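Take a look at this single chain in structure tokens; it is the form predicted alone.
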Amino acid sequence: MNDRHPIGCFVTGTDTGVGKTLASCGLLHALARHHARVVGMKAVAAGAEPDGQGGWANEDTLALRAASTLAVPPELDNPVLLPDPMSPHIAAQRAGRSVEIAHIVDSYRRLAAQADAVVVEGAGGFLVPLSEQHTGADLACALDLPVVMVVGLRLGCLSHAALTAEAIRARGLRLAGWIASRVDPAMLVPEENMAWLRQHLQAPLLADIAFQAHPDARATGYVLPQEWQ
């Protein structure tokens, strides 16, 4: 058990497919340079594949586990695993399941009790539906963690980033920082877009992740907030 409150953050994205998992894994590696027990958590995973051990797992969850220094039971680092790769509320309906935020929060607390730092990766964008009543934003509020926003650097990202940052702050959450994820190597004027984001997001840039044909989380460079070191 910890003798102090562990570091925790909630990683969200400006959309799905913007590199949240790569960014989260890079964040885990960066935290591991300062803390012995770091662990990733995929709160809600939609899409399962054989895990090689007779069970099922989500590829994002497997990547987070590989980047963690602390091994935990799967019900803690992935409390909700849904078979189909689609919006969680639809995947849950198809599986005859419900996504219970209270259950996820309890799993996080049990996980945090064992760790020095926990990186929680959300599903999709900030307002992705988890059920007919709740979204990823409701989960973030229930966890009450600082938020790290991954901005997929591509056409349209400025509006998506500004809207997501606004939605995060409107719920009383702290935007602890943002990560640029250069998902489109053919994007026109990326540096001009970066300059706008730096000026308007009013949060520190934690990492600028180059496009990688073969993603390697260890190759990402991070500047962690002082309180996380």
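Quick note: we count residues from 1 along the sequence shown, nothing fancier. What you see is a predicted model; the values in this text were computed from it and never measured.
Here the subject shifts to the form predicted together with a small molecule, a form of this protein not shown in this document.
- [ ] Could you tell me which of 100-108, 140-148, 119-127, 68-76 sits within 4.5 Å of the small molecule in the predicted complex, going by non-hydrogen atoms?
- [x] Correct option: 119-127.
TODO: Flag Ala210 as yes or no: does it have a non-hydrogen atom within 4.5 angstroms of any non-hydrogen atom of the small molecule in the predicted complex?
DONE: Close contact exists here: in the predicted complex, Ala210 approaches the small molecule to within 4.5 Å, heavy atoms only.
Open item on the list: Can you work out whether Gly221 and the small molecule are in contact in the predicted complex, taking contact to mean some heavy atom pair no more than 4.5 Å apart?
Closed with: No, Gly221 sits far enough from the small molecule in the predicted complex that none of its heavy atoms falls within 4.5 Å.
Task: Distance check, Val183 to the small molecule in the predicted complex, heavy atom within 4.5 Å - done: Looking in the predicted complex, residue contacts with the small molecule include Val183, since a heavy atom lies within 4.5 Å.
Open item on the list: Please tell me whether any heavy atom belonging to Cys9 falls inside 4.5 Å of a heavy atom of the small molecule, as the geometry stands in the predicted complex.
Closed with: Although the small molecule is absent here, Cys9 would stay clear of it in the predicted complex, with no heavy atoms inside 4.5 Å.
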